[in-house]
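Just the one chain here, laid out as structure tokens, in the form predicted on its own.
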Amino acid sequence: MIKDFARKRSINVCIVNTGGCNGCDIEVVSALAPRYDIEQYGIYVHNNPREADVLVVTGPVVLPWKKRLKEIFDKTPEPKVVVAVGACALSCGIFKEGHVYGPVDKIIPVNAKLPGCPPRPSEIIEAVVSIAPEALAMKEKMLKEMESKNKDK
């Protein structure tokens, strides 16, 4: 019961790499390491977008990922919050002239943009934590609405 309470009020993140050099992915994974310990802020990483409150997207959107990214975004429950991490996710970076569709915000709406090649783990944590109050408030509102509906039945 306590575990469910904590999980419902924590931020669940799904990391999506849509192409690129994986430099940003390495920095995101570093945020999970004991030095930065993203879980101390109540942020947990899941591979399933259906459990995610926040999508952290890295890399430019390459052509095979164009449709897939939209599908993943659609599978993410409300409230949908997206953080675009790195220069490639924002402007395609060094892959601008390659076989890429474009930046992340050309396909799905982006709530927070984090430039850098690659951004530091502390900056990634700061970006997720900065949008956390907005996401948690929307999530809490939805939970209360669900509870009131269940009470009425």
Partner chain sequence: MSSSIWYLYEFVRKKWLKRFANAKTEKEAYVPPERYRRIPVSIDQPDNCISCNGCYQSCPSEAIEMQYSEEYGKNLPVFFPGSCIACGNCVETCPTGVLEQGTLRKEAKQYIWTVPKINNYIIDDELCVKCDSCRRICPVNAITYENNVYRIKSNDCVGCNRCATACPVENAIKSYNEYELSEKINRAQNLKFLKKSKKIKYETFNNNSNTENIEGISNKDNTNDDTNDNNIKNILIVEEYAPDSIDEIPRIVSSLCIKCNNCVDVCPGKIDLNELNVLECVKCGLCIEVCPTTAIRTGKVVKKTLNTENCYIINEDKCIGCRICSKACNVENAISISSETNMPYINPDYCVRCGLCHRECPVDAIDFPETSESEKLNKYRSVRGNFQLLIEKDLENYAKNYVIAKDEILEKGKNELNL
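Because the structure is a prediction, the values reported are computed rather than measured. Residue numbers count along the first chain shown, from 1.
FYI, the form predicted together with its partner chain isn't displayed, but the following is about it.
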Point to revise | Interface membership of L32, its partner chain in the predicted bound form, 4.5 Å heavy atom rule | key: no
**Study point:** its partner chain contact at Y36 in the predicted bound form, heavy atom, 4.5 Å
**Key:** yes
Exercise for review: Verify the contact flag for I94: yes if a non-hydrogen atom of it lies within 4.5 Å of a non-hydrogen atom of its partner chain in the predicted bound form, no if not.
Suggested key: yes
Point to revise | Proximity of Q40 to its partner chain in the predicted bound form, heavy atoms at 4.5 Å | key: yes
Study note, to complete from the structure: Exactly one of A87, A127, L69, V54 comes within 4.5 Å of its partner chain in the predicted bound form through a heavy atom, and that residue is A87
**Study point:** One residue of V62, C117, I108, A112 in contact with its partner chain, assessed in the predicted bound form (non-hydrogen atom, 4.5 angstroms)
**Key:** C117
Practice item. Select, from the options 46-54, 22-30, 100-108, 119-127, the stretch whose residues sit within 4.5 angstroms of its partner chain in the predicted bound form by heavy atom distance. Key: 119-127
